[in-house]
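There is one chain below, alone, in structure tokens, taken in the form predicted alone.
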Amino acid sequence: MKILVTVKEVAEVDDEFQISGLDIDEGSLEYDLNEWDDYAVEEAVQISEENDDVEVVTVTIGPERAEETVRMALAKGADRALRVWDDSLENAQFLDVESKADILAAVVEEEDPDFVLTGVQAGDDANGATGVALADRIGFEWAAVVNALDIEAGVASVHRELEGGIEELTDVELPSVLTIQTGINEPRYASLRGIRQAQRKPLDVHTLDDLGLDDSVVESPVERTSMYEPESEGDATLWEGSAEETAGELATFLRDKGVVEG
């Protein structure tokens, strides 16, 4: 059985940052494995540990810098990795969900996995549609926001926690795409032995041409037109001290602002 796990490096912005053109200055950013993808990797690795003949392959779309993120997935137990990048992707201003789904669909066609795991969303742009869009491209069944999973006899029995406290149990036939929610497991830390082993595991780089795609895949109707830090519309007032010490000051403040009377 082969499990394909899509992973992404996500940018974390420093408290103090600078804007450069249409993006945040690179010096203000730090990168890490997307939190939700970490849970997806852990779930795939646990399945491989509980079953024989399971291969876990991770794939990311990103520059050479992203290999550090992919290596982390390898250190946690994935068997090999793919990174997709070339000049067309480097020069693209913005990769929207459609572009990512098209690229990942080409990887699925090449790898022919039994199922695909993705994080339910990305921590930086908060997109939560790539996994479902990928399923639509490749014609797989799908289930989103999965927080419990059992694979048996070609069927994924999944548990989903929906809005309003509703819980759903459903079966999804493989091959399928499952987007993984936090809480499904407890992602492991990469051991020193795992980190050393990750350096020796295969990590192949594919261009769009390698995947049978051309530059048109990065064309997008979405355009980033400006980037700015919004002005603060109000100032926060902080009181220090115990509740007994500050309650009177808060009451006076609320009366002065017209929030309460009396």
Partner chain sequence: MTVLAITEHRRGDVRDVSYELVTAGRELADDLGTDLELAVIGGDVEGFADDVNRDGVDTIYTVDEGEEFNHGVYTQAIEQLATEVEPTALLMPNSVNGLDYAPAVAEGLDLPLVTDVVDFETNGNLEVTREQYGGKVETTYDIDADDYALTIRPAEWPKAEAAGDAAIEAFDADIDESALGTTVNGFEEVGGGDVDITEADVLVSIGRGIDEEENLPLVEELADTLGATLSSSRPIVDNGWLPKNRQVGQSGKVVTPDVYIAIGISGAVQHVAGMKGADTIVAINTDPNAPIYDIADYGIVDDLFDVVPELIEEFGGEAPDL
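It should be emphasised that the depicted structure is a prediction, and the values quoted were computed from it without experimental measurement. Throughout, rigid core stands for the largest set of C-alpha atoms superposing within 1.5 Å between the two forms. Positions refer to the first chain, counted from 1.
What follows is about the form predicted together with the partner chain, which we do not show.
Contact annotation: of the candidates 89, 82, 106, 172, the single residue with a non-hydrogen atom within 4.5 angstroms of the partner chain in the model of the complex is 172. Proximity to the partner chain in the model of the complex, taken as a non-hydrogen atom within 4.5 angstroms, holds for one residue of 53, 50, 235, 209, which is 235. Across the options 198-206, 211-219, 35-43, 58-66, residues that bring heavy atoms within 4.5 Å of the partner chain in the model of the complex belong to 35-43. Contact annotation for residue 224: at least one heavy atom lies within 4.5 Å of the partner chain in the model of the complex. Heavy atoms of residue 165 reach within 4.5 Å of the partner chain in the model of the complex, making it an interface residue.
Although the partner is absent here, residue 192 sits far enough away that none of its heavy atoms falls within 4.5 Å of the partner chain in the model of the complex. At the 4.5 Å threshold, heavy atoms of residue 151 stay clear of the partner chain in the model of the complex, well away from it.
In the model of the complex, 121, 123, 124, 125, 126, 127, 128, 129, 132, 133, 136, 137, 141, 142, 143, 144, 145 are the residues of 121-151 with at least one heavy atom within 4.5 Å of the partner chain, listed from first to last. For residue 209, the Cα coordinates differ by under 2 angstroms between this form and the one not shown after the core has been superposed. The Cα position of residue 254 differs by 2 Å or more between this form and the one not shown after fitting on the rigid core.
With a cut-off of 2 Å and the rigid core superposed, residue 192 has a Cα displacement that falls short of the cut-off between this form and the one not shown.
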